[in-house]
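Next up: a single chain in structure tokens, the form predicted alone.
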Amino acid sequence: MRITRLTRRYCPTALLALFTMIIAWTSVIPEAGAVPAFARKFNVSCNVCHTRPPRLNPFGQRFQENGYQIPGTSDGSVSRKRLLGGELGGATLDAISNYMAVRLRADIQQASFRDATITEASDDIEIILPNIVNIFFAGTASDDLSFFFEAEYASQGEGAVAFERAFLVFDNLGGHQVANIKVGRFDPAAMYSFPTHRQQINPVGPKAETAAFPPPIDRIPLLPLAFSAKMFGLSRGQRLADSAAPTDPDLLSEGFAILPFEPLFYNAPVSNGISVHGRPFGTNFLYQVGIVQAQTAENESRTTFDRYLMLRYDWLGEYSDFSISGFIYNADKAAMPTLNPAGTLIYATDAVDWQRYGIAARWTSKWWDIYGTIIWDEIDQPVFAMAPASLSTWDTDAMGISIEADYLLNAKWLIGVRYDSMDAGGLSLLPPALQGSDPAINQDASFIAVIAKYYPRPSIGLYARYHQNLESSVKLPTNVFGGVEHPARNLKSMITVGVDMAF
């Protein structure tokens, strides 16, 4: 999968002028300006459900859990709908503005690299307008039957519009909050204390070629590293359209290589599956169980179902709240250990199982919102049939930590800081005949990020953010990779200014 950005480059003066115009335009938006769909539907401010968009407060989390219905009610109890299609077989829907919303993000970025000559990585300024546009259709079709459809256009990808998430929820089966069944394409971690979506510091995508092995990585993504795969040397397995075992890297399909920096499994942005969640034992305890449809990385790939379980405890105080979550995720035959010593791919004798465990906590108190997660990954020990591949060294454990703290200076200004660290696993050392005296391949990664966000209106955020690589320079093995800068260390820093608005 080729992940690139469609950009135009301008001088810094033009960038400053553009950003100034954005600030000026948003500063004169009238007080009665547009607000997202649920706020329109129930005639409330965005901050009823959000600490500051896109982060949900405890009420917003309960609203989400109850299928976009006011907690304790069905269909919000006060929403009036009109009948479409006549009395026989008709469907009831709100006015379109009550279930449709648009979110737009635009960025101006400049990255700095240790060695920008070895890949397509560039220190040039990039204007990405728009970066991502999301169109949401969400609400209730009838009592306790809710829906969510999100169409996304991302200029950093192929530029096509596609459904990113689309699901139905059958709410309050067996009683209020006993069981809510979600079916479709969704993010499993939405109810985790550190959810994959709804970050104040939005993810910045990678620039990488995953139809090659090992994948050339022009730039790693900037996202919570706890979510990342963390494992080097893994692929999706021997896949071609004609089911032949590929030995030529030019024959590989898109998405063949598993980037060690891409989010996976419970923390993937989207997955196809079914989940059940609820609070049958009171308001403090939340459970979530689910299955995700997946393909194994075996020589003859087959459809399988990954399993996960999440438990969460919530404590609500008068001016503060606290939650703690834990999950376990099992993926059978999920990845194939793979080597490419001389342009010919060598696979392990079998695909490896992958387990993921995580714990997260969140604390909010008046102006503070602090949340973090630790996620561990484990794979089976790879086995290769013959030398020299059998002499390679693999680490089967990996760990990631992400911690973020956001502080509201006042009603309009938010500042935040996030720390991300990845203790990598997977392929550590090539066979002795190839590795020489070079360092390990599975290098760790860590970043510090700071953000300042200005809200002229609750649904509009103007931000400036800065990411700094905390690790020192490391070169890849010379004999195979030419001694170039390791991708985990090549990106030194990135500064971004932009706008994130919903209406």
Partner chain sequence: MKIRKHVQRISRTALTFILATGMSGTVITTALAAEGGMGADAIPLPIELSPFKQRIPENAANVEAGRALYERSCIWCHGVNGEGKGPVAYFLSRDTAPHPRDFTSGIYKFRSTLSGEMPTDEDLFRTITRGIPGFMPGFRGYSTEDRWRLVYYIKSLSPDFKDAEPELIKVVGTPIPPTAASVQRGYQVYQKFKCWECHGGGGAGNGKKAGTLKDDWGFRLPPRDLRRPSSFKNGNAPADLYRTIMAGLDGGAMPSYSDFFEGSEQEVWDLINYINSLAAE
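Residue numbers count along the first chain shown, from 1. Values in this document were obtained by computation on a predicted structure and should not be read as measured data.
The following text describes the form predicted together with the partner chain, which does not appear among the structures shown.
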Query raised in the report: in the predicted bound form, which of the listed residues (R465, R40, R457, H50) lies with a heavy atom within 4.5 Å of the partner chain?
Result: H50
**Report entry** Option touching the partner chain, based on a heavy atom within 4.5 Å in the predicted bound form, out of P432, G72, G343, G174
**Finding:** G72
**Report entry** Contact of R302 with the partner chain in the predicted bound form (heavy atom, 4.5 Å)
**Finding:** no
**Report entry** the partner chain contact in the predicted bound form: P54, any heavy atom under 4.5 Å
**Finding:** no
Report task. Determine whether any heavy atom of L470 comes within 4.5 Å of a heavy atom of the partner chain in the predicted bound form, and answer yes or no. Result -> no
Report task. State yes or no: in the predicted bound form, is some non-hydrogen atom of V450 no more than 4.5 angstroms from a non-hydrogen atom of the partner chain? Result -> no
Query raised in the report: Which of these stretches, 264-272, 404-412, 379-387, 285-293, has heavy atoms within 4.5 Å of the partner chain in the predicted bound form?
Result: 404-412
Report task. Scan 320-349 and write down, in order along the chain, each residue with a heavy atom lying within 4.5 Å of the partner chain in the predicted bound form. Result -> S320, D321
